[in-house]
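Have a look below at one chain only, the form predicted on its own, in structure tokens format.
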């Protein structure tokens, strides 16, 4: 049984892109629930090893990476697995087992939502 928490990223009904989990920081003050969701995401990325793993997956050719290709981050394999688990729990990565290997993917909606959260307001 999994304890995984997933960020609530939704596809809007009009098909015009991704609705982020939270409003842009410059739009309005966040609610307590929005702040908790964003904090989980940033807390997961707040560790240098996790940030390197997230970057390795996000920048990998084809948009997904085998754990065997991204585990060279200066820590042991069990530690890599721990950090990947934390990134999955924060809703930043998804995974799929293929034979003996696990492949990780950053969903495009996650990157889009993170970008919208940190976006500056557009000039009118």
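Nothing here was measured: the structure is a model prediction, and the numbers come from that model. Numbering follows the first chain given and starts at 1.
This protein has a second form, the form predicted together with the DNA, left out of what is shown; the following refers to that one.
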- Is the gap between residue 97 and the DNA in the model of the complex 4.5 Å or less for some heavy atom pair? yes
- Query: Does residue 55 make contact with the DNA in the model of the complex, using a 4.5 Å heavy atom cut-off?
  - Reply: no
- Message: When the contact criterion is heavy atoms within 4.5 Å, does residue 78 count as touching the DNA in the model of the complex?
- Response: yes
- Task: Would you check, heavy atoms only and a 4.5 Å threshold, whether residue 102 touches the DNA in the model of the complex?
- Result: yes
- Query: Within 4.5 Å of the DNA in the model of the complex, heavy atoms considered, which of 68, 39, 30, 51?
  - Reply: 68
